[in-house]
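Coming up, as structure tokens: structure 1 and structure 2, two forms of one and the same protein chain.
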Structure 1
């Protein structure tokens, strides 16, 4: 294959230049480094590093996604854990070494692609190079004899190539250079869109990174548990968990609010997957900003609520048993629903109720709630729900009295009772509406019903539109680049001594391309006197 020709087609691929190295001092060294960094080989190696560097993030638990599992891992692996932590193995995608890889890749990409863009722009109106002397060396080559005269053949070739929207080398250009000194010929080129697509693709990758960075810098994400009937206003204090971007300020919190009027979880009632979740819906009413009109919306899994630039998602749900607690003096000291953590697919759920205001002493309750109570409780496992829907709710209570330990200053888990300074009063299970009168005049607890809570996530990502536009552009670019090949076609007609005309048609594509042969054949087919089949030499 004619290497010089191919190079002409694929040129400006900035390969690391072969050592042309009269010592040029610091400047020369820097230039050498830059050329290395922007070479294709470096791009290859950086791509591999990028792939390799992403892997540990799937092997080790990540703080961003599951901080609890990271804590667990560190507890279980006391020797290697801290070392892994020092290597940022639990924050891979926020680590400095990962950033180093992708920033190098992006610098390399910019250094490689921007000069190519300039080159492309400069050559937008370039003229295909003249027909080379020896067409037989081209990867696709056909030849035949015809009785048609030279100029008729070339005219037919020009017409055919024009129709196929090739860019042609003007006749004047050929005679200027005098390269094409035998016969008359036409040189054509097509497929500049290949390079265009390639450039669009790589530039879009840069743009995508900008979009991602923008979003993670100025965005935020927070989760909140909302019990049926309760509301949420978008302020920091309302979140259970909040992860701001580095450029976050409270001014970025859109001032919306909503109330979750109803939550409904449906489960398959029968079939092999009985009890599998079927659909969750949360009906909310919301205001874009204080004083704005009240609007109703239904949030489902995969169907978030978009409000004021932020999105509200339904991540999960659970049950929230509602209680009324009276103390020894008959005063209502607690009333409301407490979210309970699901323990199994049938939503056996656990929580605690803490009543610090009760007299004569504080009260605490361990609660196991079953949306559909079992007929009989297995003493070994404790009460277990038999179906996830609230068909026959029941709560199993353990009551404690004494000091809840809330004033000790140590932060407490809201789902656990610290019973070290408490004394157990007894156990009891209640159906909806039933009341348990505690012994020794400590008061009473009523199970008012089983409400539901939803686990909502609020996310704000101002860069996501940019990221989407960039990826769409990248997809268009890469498709153009891979579908279209830049290729050159030549047709030459040379008068023979005995009055016939030798016709040669040749083609060269930038990268091997199956359709080149067809394209060459198509041109051959439109020339005067073309035989049905011609020899092919590769």
Structure 2
């Protein structure tokens, strides 16, 4: 063998270069991202994240529902509170991260459901699949012999299936692969409502998210504390706390107003739940717009006042002690009720009264109000109410004189008294109608009575009707999906060499369904020549 041929045979073959995957490119990358976002797995993950993101809304107080509790939480947790506030833990459902989750979920559901709707529409226009070759392999199978001819059996089957509202595909013998090549047959299908209900449910979830987003974008909610006998007008300046949507404008504020004429709080007086709230009611008179006729309404905890698309909710209540303060010259420099913050379930409440117009020096009072005063005050804990209802109101005052610091330009908490530049005048407890004459001719303070205030929330949500419709549709859709099963029935008649006709009836459900056997037996019972009991196979 020549040397060159020998070298060619003994020379090792070069290793093949590894195959290179084609680059996705920009369009390919976007297509891949879209497929990942619209997959069912991603939708389930986003649903889980939404449920997980809702947890802080039930753990921490929310500004939209209880701004007083949020302020108290921040006051009690000076270290972690500001960090939680930065993470929107007190405004969970209005936060940007929660909005991002449900917007991604909306896109994911839309990309997942809309193609399924198109596929379902194509299925509605299609005919049931042809009769399989071997019907005995179906979960439900019946067979018998009859003297009736094939066409009569098939005609009877068609009539029976039409009465049962099946969609039909009559067919003669076919030589296609997988299809009977002998006899005549009819294929029927029913239960398309199952898939329809499934799609309605998922579309309703998408519609619900749209309603929530619509209400969050164009709606608003605000809270206000209203003392018994005082009024409220639906303007921005009247709110203690106001949370607008991103698309909010002042034109969305309905021009209504109302006055809280009376507030009534009832508590259980005996039993293991003594002291628990029994009923809160607020009697109001309102006008839908300036100049409109006055109307009366009673607001309860689960019965809001609806005015021009907005709703007024009763969130809670508290007490507002009323005082009359005279300065050293005998002039009335303060008269009115001051809301007090509840400190315990018995509504021991605290507030302050600031009197900057008093002469010769400004006055300030720390106030502890007890709806039902104790017989004796424990020096270790201070005055504590023994029952939340105003059975024996009493206030415990601490009086100060000096500079309230209101002219310093630094914002102050209305429920706190800055006594750094003030001198204490003493302490005193008063019953209703009693007066404390301050020492050194500083004036006097009279406890006029213990009124009540209501914590109201005004909410405007233009998407709530859409959300309600979506919720009802989702319930209907899931009911249809659970109660209806998609199934197929086939009837085939084949002539025998002995002059008889072999009749086979088979059924297949999309999922396991006990009633399928009954439907198959019902069809068999209406065929000509069917015996009382037929052979059951499968």
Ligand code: HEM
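From a predicted model like this one, the values you see are computed outputs, not experimental measurements. Residue numbers count along the first chain shown, from 1. Think of the rigid core as the biggest set of C-alphas that the two forms share within 1.5 Å after superposition.
Assuming the other structure does not fit, state which one is the form predicted on its own.
Between the two, the form predicted on its own is shown as structure 2, not structure 1.
Would you say residue 236 moves its Cα by 2 Å or more between structures 1 and 2, aligning on the core?
After core superposition, the C-alpha of residue 236 moves less than 2 Å between structures 1 and 2.
Look at residue 494 and decide if its Cα position differs by 2 Å or more between structures 1 and 2 after superposing on the rigid core.
Residue 494 C-alpha, core-superposed: shift of less than 2 Å.
Against the rigid core, is the Cα displacement of residue 361 between structures 1 and 2 at least 2 Å?
Residue 361 C-alpha, core-superposed: shift of less than 2 Å.
Once the rigid core is superposed, tell me how far the Cα of residue 79 moves between structures 1 and 2, in Å to one decimal.
Its C-alpha moves by 10.6 Å once the cores are overlaid.
Residue 111: CA movement between structures 1 and 2 [superposed on rigid core, Å]:
That residue's C-alpha sits 3.2 Å away in the other form.
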